[in-house]
Every structure is written in C-alpha cells, then in structure tokens.
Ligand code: PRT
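Only one chain comes next, encoded as structure tokens, the form predicted on its own.
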C-alpha cells in the first residue's frame, strides 16, 4: 500500500514533555538535524534536512505512527507494548513497526504493595485490586501467570491508589524507586523492562522519503554505537600484542604501526565499542603497554 501523503518531509513524533524529550531531541541533533521552533509551537522544523519533529503526548505517538500521520516515533517500550495489545484487541490489520530500542529512558513496569503487606510470589496477587495505567500489559501478564485479579484503570498518580482505598496493589513505572518509598510502597515484581524505542509507519513510503528515513536510521545507529565507544592509542612491545588485543574491550582488529627507531615496540590504535575503565588501562600497563591515550568518538559509520 502506497502512502497517500504528498508531503516529502519526514515527520517524527516525540514526547512533548517528560523523561524522553531532552534525550530524543539530543539524539536527532547528534544525527545532524538543525531545527527552528517558534514560541509555544509544537512543531520543530528541520532547517538542513527534510525532517520535522512533532511534540505530542507520549500516549499518542504509536497511533500517529500507525495511522501514517508520522513516519517515525520515539516512545517508551511500555507505551509500545500497551498500544500494540490495544490495537490487536481492536482488530487493527496493521501495526507500527518497532525498529530498535534506544539507550535512554531506562525504567521498569513493576508491581508494588504497601510495606506492611507480605509478598511471597505472584500468587500473592490473586484476588487483589491492581491499579495501573497499563491495563493490557498487566492483564496479559496475569493471564500468563494464571492469576485471577481485578485490574483497575487508574490515570495519573497511580501510587496513591492504595491510600485512597481504590486498590490493594499498583503496577507502575519505576526508575529510582523513590516515589514508591514516599508512598510507603515496596516493589515486588517486574512485569516489563522498558526504555525508549524507535518505531516507524507500516505504510510503504515514497522513494525520496524512504531514502531519507534509511539515512536517518543509519545515523541513529552510528550515534548509538559511539555512546560508549572510545578511541585508544598506546605503545606496546610486539611480544605482548596478543595479550593487549585480548584486553581491548569490544574492539575489532586494531591498527598496528611501527615506531621510528625501534623494532621491538609498535603503536596500537583501536576503537573500543565498550567503555574503557581505569582498570582496563592498569591491566594494559601490567602487560607492557605505555603512553596510553583514550579519546571520545564523536561519529562512527560502519
């Protein structure tokens, strides 16, 4: 099915305010997007790329992408899963495509009970009233575990439901856990590990838009690769090269270059796709490495 959109500009839906907003915009800027935004406007217009960013409620992002209003969206996996279950239940014939998880917005969807309540296993939830903003995910999990409990749909501050007498248990997003502690709740069971994810429309795009989407996805992949990547340079005895290669974290074959005036030492350059810790440098030094220099990697394209 061909897209009916005549606009050649790519539209990306992003949370307008919340824990994913700043990281999402930073990711797009790192991909080379320069944009302008008028005061109180909810659209950021790309100035150097045919890309516009729509700032919307996170709950609306899957629908906007699924309905081909937006070509791409950045949203939490918790919203992705809840929306997917809802669309399937409503008989949707096409779903948005989940492309890749991103490296920010980490949290988890967990059950929590009042501190005075004893929790031993998922069976402890049987017969309880469970307040949540994610009724589809919670219901599916309870069905899988064979637990009969009542799911109470609760929008907003879910953690206050027990104190209001509306529920016995809550199932909500948890990051640090401080909000639960503030309401005398204890986390007892994790339903879903969540983080930001990139989704795309199920509709086939026109060639010009498709090329730009693929280019953008390639750039996003490059940005994700370099988040923890480091470029390391060092001098090493030729006799220690095998041990040094084994110690370089997440590295492909390093570049080995001769050093002027010596035959027994070489220069080693490598891109490490994992972080280089002080312990790594200390271990490298123990096997003979010297003159070590670690630099951040700004861009990488495989």
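Computed from a predicted model, the values in this text were never measured in an experiment. Numbering follows the first chain given and starts at 1.
One more form of this protein should be noted, the form predicted together with phosphoribosyl ATP (PRT), which is absent from this view; the next part is about it.
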{"item": "Residue contact check: residue 106 to phosphoribosyl ATP (PRT) in the model of the complex, 4.5 Å heavy atom", "value": "yes"}
{"item": "4.5 Å heavy atom contact, residue 20 and phosphoribosyl ATP (PRT) in the model of the complex", "value": "yes"}
{"item": "Contact flag, residue 201 vs phosphoribosyl ATP (PRT) in the model of the complex, heavy atom cut 4.5 Å", "value": "no"}
{"item": "Contact label in the model of the complex: residue 175 to phosphoribosyl ATP (PRT), heavy atom within 4.5 Å", "value": "yes"}
{"item": "One stretch from 233-241, 31-39, 55-63, 254-262 that, in the model of the complex, holds residues within 4.5 Å of phosphoribosyl ATP (PRT) by heavy atom", "value": "55-63"}
{"item": "Heavy atom within 4.5 Å of phosphoribosyl ATP (PRT) in the model of the complex - residue from 218, 124, 179, 86", "value": "179"}
{"item": "Selected contact from 159, 81, 168, 189, since only one has a non-hydrogen atom within 4.5 angstroms of phosphoribosyl ATP (PRT) in the model of the complex", "value": "159"}
